[in-house]
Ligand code: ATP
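The chain that follows stands alone, in the form predicted on its own, written as structure tokens.
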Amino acid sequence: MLKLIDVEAGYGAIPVLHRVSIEVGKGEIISLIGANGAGKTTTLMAICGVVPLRSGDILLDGQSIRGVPGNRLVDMGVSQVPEGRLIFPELTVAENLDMGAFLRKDRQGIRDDLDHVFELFPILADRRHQQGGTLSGGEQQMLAISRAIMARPRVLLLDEPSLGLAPLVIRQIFGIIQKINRERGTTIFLVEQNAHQALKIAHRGYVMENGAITLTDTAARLLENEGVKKAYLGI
């Protein structure tokens, strides 16, 4: 469904990504793991067109999306949950969710997806009239994921969803990610520094070091890989 082919990208004169090739199949959860500064977020920014490609290409369903503007990508079924959540703090939970569905016209579908979000995260139903900025970090992450779901994506891009959260909340968030994939068939590309949690829920994984893919395998085998254990799992 999503394919990066020899992607090179960076900021100004500084190169970050070096011939990055990644394939994300329909209905898969793919995890991209690596140390802080490895280029994981830049990979997502390149997919979304925020960081322009210097060379290579990115395909969605076989069609190049290089240079496609962000609003058009949402129309094509790609939504991102950015690092740091980036919710609208002055807007209520309900208003944040409305923003996620901004480009949609199917009112009944929007209502159905809102019900679905509140089933996934009941706390958001309780907080629907509360300003987003007053929520806890975990609740804000739930809101950021829910806002992306409201666009009804075919491909969901997640950037460091565990960042700054307590272990119990992290387990809850990753359980919901699995549920979204399992129940809706949503394809998920997960960028995460918490390698253990990311690989536990993924079908396959990629390891990135210094802007290049150095290893790829099934998630199960990566969890047992001695190099991955030493470098990323603290074992």
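What you see is a predicted model; the values in this text were computed from it and never measured. When you see a residue number, it is the position in the sequence shown, counting from 1.
Another form exists, predicted in complex with the ligand; not displayed. Remarks below refer to it.
- Contact between Pro52 and the ligand in the model of the complex is not found at the 4.5 Å heavy atom cutoff.
- A residue is said to contact a partner when one of its heavy atoms sits within 4.5 Å of a partner heavy atom; Glu160 meets this definition for the ligand in the model of the complex.
- The closest non-hydrogen atom of Gln193 lies within 4.5 Å of the ligand in the model of the complex.
- Shown alone here, Gly67 lies farther than 4.5 Å from the ligand in the model of the complex, counting heavy atoms only.
- Across the options 166-174, 32-40, 57-65, 182-190, residues that bring heavy atoms within 4.5 Å of the ligand in the model of the complex belong to 32-40.
- For the options Leu222, Val16, Val20, Val24, the residue carrying a heavy atom within 4.5 angstroms of the ligand in the model of the complex is Val16.
- Residue Glu83 is the sole member of 66-84 found to place a heavy atom within 4.5 Å of the ligand in the model of the complex.
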